[in-house]
Each structure stands twice: as C-alpha cells, then as structure tokens.
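Shown next as structure tokens: one chain only, the form predicted on its own.
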C-alpha cells in the first residue's frame, strides 16, 4: 500500500516539558480537553445567568438586586454563550479535536501548531466576552441576536462598551473557528489511515466534518456583521443605522439598513443550528449503535442526510425574519425550504429508531442520554414545523413558544448528547470508570426536569406571553395560571441546575478514585477503542498505524466469535 500523510512522523511535535505537554500543547487530545474545560467553564456562567432569570420570572420583585437592565443583560449573555461559546466550541473544538484523529487512524491533526493557536484564540475570545461584565455599563442587553439600531443606541444596557466587547469577542472567535475548522476538514480528507475510506468513517466524524465545512462558509457572515457594527458604533458609519429620532434629536446616521444585519446574522445563525446539531447527530448515532449492539440502520442514507441537511441549512435563514416585513413570496419560499429540510432530518430519526428495533439494548448511562435525545429532538422538531409556517409563526413570534422550541431542539437536545458522549468516552480519555448510580440519578433528574421546564413554556407561548420581559405585571390577557406556571418552571429549573453538581462530582471524583477502565469497556468496533494504550499516548498508535478492513458498525454479526468485530480485524473468506 502507498504511504499516506498519516504515516509521516515529522510533523509530530514531541513535548519536552510540563508546559509544552499540558499548556502550550500541540497534542490534539490535550487541546480537546482544554477546549472542553473552557467551554464548560463559560457554560456554567450561562447556567448561572439562566437561574437568575428564572428567579425573576418565577418570583417577580422578590430579588431587588435583579433590575430590568440586569435581566436584559442576563438574557443576552446567556443566549450567546450557550449557542456559540459552549455548544459550538465543545462539540467541534472538544469532541472534534479528540475524536477525528483517533477515529480515522491519524497520529494528530494535520496542522498541530495551528490547532494550538485555535484554542488560545478561543480562550482570548472568552476572556474578552467575560470582560464585558466589568466594563462601565456592563455587558450588552440587546438580546443575543444583537439587532441594530437598538444594540448601539442610547437607552440599551451596555450600548457603549458592552456591545464592543461582545463584537470583538465574536470576531476573535470566528478567527479561532477558522483555524480549527480548516484543520478538521484537511485532517479528514488527507490523514485517514490505510483502508479508512470515507464510507468507512464513523458518523461522528461525518457530522463534525460537515459542520466544519458549514462553519467555514457561515461564520464569515457573522464576522463581517460584527466588524460593520463596530464601525457604525465607533467610527460613525451607517451600514446598519438609518436616520432616527432619539431623545428628541435627529441622529447623524442615515441610509443604513437594520435588515441587512438581520440577513447577515441569520445567514450565520441558522446554519449555526446545524453546526451544533450535525455533530450531535453523528455522536448519538454511534452511541445508539454501540449500546444497542446493532449496526446503524441505513449508514449511507445517514451520511447523505447529514450532507443534505448541511446544504439545505443555507436556504432557510429568513424563516427567523417573518415579522420583519418581507415580501410574502419570500416568506413562502423560506417556509417551503424549512419544511423540505425536515425530510432528511426525519430520515435520521427513523433510522435511529430502526437501529434500536430488536437490538440488544444495554440501558447504560450513555444510552439513556442518547434515547432521551431522540425524545427531546422529536418534540422540539414538531414545534419547529409550526414555527416554519408564516401564518402560525407571526402570532407566536417573540412569545415563550419560540423559547420552548429553541431550547428543546437547540439547547436541551445537544446538551443531552454531550452528557452521553462524555459518559461514553470518559473511560478512553482518562482511563477511569465513573459511578453508574450517580450517572443514572443525574440522567433522570435532568431528563424529567427539562420537560418540567419547557413543556409549560409552550402553553405560555400559545397564550401570547411575550419573551424577554422583565415582569408581566397584571396584563389583562395574562391569566393567573401564567404566574403559577412561571413559578413552577423556575422551581424545576433550579432543581435541574443543582442536579448538575452530581455530574461534576462524579467526573472529578472518578478521575482520582474511579476504577481502572478496560481498554474497550463497551465492546465498540470503531478505531478509537483499538489504541494500544488507554488513555492514548502521544501519537496515538505507537510505531505502526492501524489498517482498516471494514466499517465501524459490525455488531451482532452472525457466526462471529464476539458480538462486535473491530475495524482493524481482517475479513474472512465468509465475509465476516
């Protein structure tokens, strides 16, 4: 066989000190852990902000320290942190970095130094974002979508320095993602080991690869929108700022288009939904297949569904703008494209269910989270079908129905996959097993809790309760049941918030006290479980790279000695 880029040992950077091994590391595994810890750390900030928001909504006036400006700032920072700095960074920077080289049989990323720079740029973006809490006026309170002219106009919380830190942070984040995304794409295309064809790659790699390509195409729109708004704010340009009357005076700006920003933001924003979702789709496919002891149903169909979803996601962005006054013909086009993208998504759901059908299902903690994802994703997707239609979306827009839908499909579902993935790969990453009982208690409180939180929100939205309001007061169309539901939601949210302590205790305690993990505790067939060392050593594979002879889903093969056949096991004359 001809040599591949994966065979070349020269680019491999060998650390010579503790600093170069764990701080300025070029090892993809260490960088993945750095990404993950940073993302989870800033995610905890967003979680605390959501708890503060729920305290105000559930018990208005009971916490005088939470003022209207603070509430709007909490909403804005919570949304942006969760979508960009937690989910995108953790699924691509964390799992993408760790899994891609191991799953395709590479020693590391193709550009290890650029990979290291990617993390440090990401960390810088997080630091600049957090600096917004300490600048005069505090962070921006314009909402996580940052719509101008409100975002940079007087009267909006954080309209001076808060919005600047947010926009600069986003620009730095895009630079970090670009370095990482180019690395992921190039590594998948150029550094696969012998025998690892594209159609033998695990679906986790397909999801991360497609999301990386999407990010390289979508994030530039966010980048230019951030830079243009910075010019509007600091240099007096009018890309997005029309002529306005503010505080009785005419502003000096003229000719800008706020709708231009909305188009740029959502051209990034809706692909961003699938930049998060596609890695989750791939990971949950692998978890279901491993723990149901069944080959994934319709592998090629699943691959093409991932690719088609990625392509179609660039044709649906304006369904977020139905109430912006767009031409009805455009509304019809985007409603139609929104319904069309549901077809490959539904194919994936059917294939997950058919993989489970008559499988030897092991209800371990990773599998529980994978099955929970199917529930929450179906429920979130069904509410999305309502919002995709113009005539239904217009009265529901800016109500709690949108909050419920978005959190079920974009917040809860990916987070459940992240939990399942951490439980699944923790033995490989750290060589230790976690406590099963704590894991199951954490799962049930989280799973039941998110339904206690977000199902009642659909009811609030149908009643027309608006989102982003600091207090509802005694508004005539809002019955007493709304206040009771808000109190219920807040109590449930605080319980789920506290339950995450079980997860962190389990992970940290198991790191030091957990029993040693077997090299392949789940009996998985994919390549990352076949490394000579657990956790994998620097370079992953020792002196000789593995050779791949089959796909990653040979489970319960008739006549086989075990209920799984690793990718590295040659085929017999019988084809097993």
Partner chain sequence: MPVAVAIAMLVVGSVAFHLFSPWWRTPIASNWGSIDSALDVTLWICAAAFVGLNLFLAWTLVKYRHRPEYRGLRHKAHYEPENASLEKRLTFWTAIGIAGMLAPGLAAWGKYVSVPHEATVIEAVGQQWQWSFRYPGPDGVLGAAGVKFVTQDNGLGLDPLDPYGRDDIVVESGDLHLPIGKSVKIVLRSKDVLHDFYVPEFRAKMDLVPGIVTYFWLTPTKTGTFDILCAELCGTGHHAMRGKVVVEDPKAFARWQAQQTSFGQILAEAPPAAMSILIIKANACSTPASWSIR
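In this text, all values refer to a predicted model and were calculated from it rather than measured experimentally. Residue numbers count along the first chain shown, from 1.
Form predicted in complex with its partner chain: not shown, discussed below.
* Asked: Using a 4.5 Å heavy atom cut-off, which stretch among 215-223, 173-181, 414-422, 437-445 contacts its partner chain in the model of the complex?
  -> Contact-bearing stretch, as computed: 437-445.
* Answer with yes or no whether residue 551 is in contact with its partner chain in the model of the complex, where contact means some heavy atom within 4.5 Å. => Residue 551 belongs to the contact set for its partner chain.
* Residue contact check: residue 198 to its partner chain in the model of the complex, 4.5 Å heavy atom -> Flag for residue 198 set to no.
* Asked: Does residue 137 make contact with its partner chain in the model of the complex, using a 4.5 Å heavy atom cut-off?
  -> Outside the cut-off, so no.
* May I ask you to check whether residue 190 falls inside a 4.5 Å heavy atom distance of its partner chain in the model of the complex? => Looking in the model of the complex, residue contacts with its partner chain do not include residue 190, since no heavy atom lies within 4.5 Å.
* Asked: Of the residues 315, 117, 499, 378, which one places a heavy atom within 4.5 Å of its partner chain in the model of the complex?
  -> Checked against the cut-off, the match is 378.
* Among the candidates 93, 202, 148, 310, the residue which, in the model of the complex, approaches its partner chain to within 4.5 Å (heavy atoms) -> Only one option qualifies, and that one is 148.
* Which of the residues spanning 318-348 lie within 4.5 Å of its partner chain in the model of the complex, based on heavy atoms? -> Going through 318-348 in order - heavy atoms within 4.5 Å of its partner chain in the model of the complex - the hits are 322, 323, 324, 325, 328, 329, 331, 332, 335, 336, 339, 342, 343, 346, 347.
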